[in-house]
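Take a look at this single chain, the form predicted on its own, given in C-alpha cells.
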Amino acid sequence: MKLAIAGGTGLTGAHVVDVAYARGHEVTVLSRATGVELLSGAGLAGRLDGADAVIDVSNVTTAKPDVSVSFFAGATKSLLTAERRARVSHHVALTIVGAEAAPDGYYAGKLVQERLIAGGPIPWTVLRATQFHEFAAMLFHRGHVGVHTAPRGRVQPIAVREVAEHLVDLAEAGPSGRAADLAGPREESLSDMIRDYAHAIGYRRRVPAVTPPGAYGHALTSGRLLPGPGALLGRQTYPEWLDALPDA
C-alpha cells in the first residue's frame, strides 16, 4: 500500500512511519519538515497522488479551545480536500477516548475533527485512544524550573508504539467508521505516574499533587476519560515503559 502520514515527524507519527516501512508499505510524510503546511494545505498538491490511505496523527499543543479548533478543523479540511482530488479511498485519524467529557479545551478541536471526518467525502476510520505513557513526562516537564506538580487523575495509558501499530492495522483493513477504543492494560493514578517518572530520571524534590480545574479536571479525576468495556487493551504497562527509559 501507499500510505501518507500527516504529522509523520511527531511523537506518534514517527512510530507510524516506522511501522508502515517495516511492513513494506510505501510512505509519504506530510509535515512542515517535508514542505507541507497542513493548516493551509500549502504543499499538499500532488503529494497524495496514488495514496491508498491517509493516516492523520498531526497535533497542536494547546489548552485553548479556539486554537485547537482552528488547527484541527483547518488541517482536516485541507487533507479531505486534497484526498478527494487525489481520489484517496480511506482517511484514518487518531482522536482521544472521552473527548466529549471535556469539550472546553484541547478536546474541542478533536470533536470538530471527528465531525468533519464523519461528514466528509472520504470513507473513514476514527480511532480513539487513551493518553500515552509519555503523558506523565509531558506534564512533569511543563513545570517551571524547580517547580513541578502532579495533577490528580484516573488514566489508562497506552504505549504509543502499540497505537501506531493499530493505526496501520486499520489502514490496511479499509474504512470501518468509528473503531473500537484503544487503551492501556490497566488503570493508573496520574499523580503517581508523574512522581514515578520524576524518580526514574533522578529528580528528588517533592512533587505535590494538585487537582486540575474546570471541566477537564473533573473529567480527569472522575474517570470519564477511561475506556469503556468494549475497548481493546494494549500490552505494555506504565512501569514497563518506565523501566525501558534510557535515563532509568
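The first residue of the shown sequence is 1; numbering continues from there. Source: prediction; values computed, not measured.
A second form of this protein, the form predicted together with a small molecule, is not displayed here; the remarks below concern that form.
With the partner omitted from this view, the residue of His199, His218, Lys64, Arg32 that lies near the small molecule in the predicted bound form is Arg32 [heavy atom within 4.5 Å].
In terms of contact with the small molecule in the predicted bound form, the residue from Ala150, Ala82, Val168, Ala129 that brings a heavy atom within 4.5 Å is Ala129.
Taken together, the three residues Leu139, Leu225 and Tyr238 all stay farther than 4.5 Å from the small molecule in the predicted bound form, as judged by their closest heavy atom.
Using a 4.5 Å cutoff between non-hydrogen atoms, Phe72 counts as a contact of the small molecule in the predicted bound form. Mapping the unseen interface onto this chain, Ser78 falls outside it, with no heavy atom inside 4.5 Å of the small molecule in the predicted bound form. Put simply, Asn59 is close to the small molecule in the predicted bound form: some heavy atom of it is within 4.5 Å.
When the small molecule is considered in the predicted bound form, Ala45 lies well away from it, no heavy atom lying within 4.5 Å. Only one segment in the set 103 to 111, 170 to 178, 116 to 124, 82 to 90 has any non-hydrogen atom within 4.5 angstroms of the small molecule in the predicted bound form, and it is 103 to 111.
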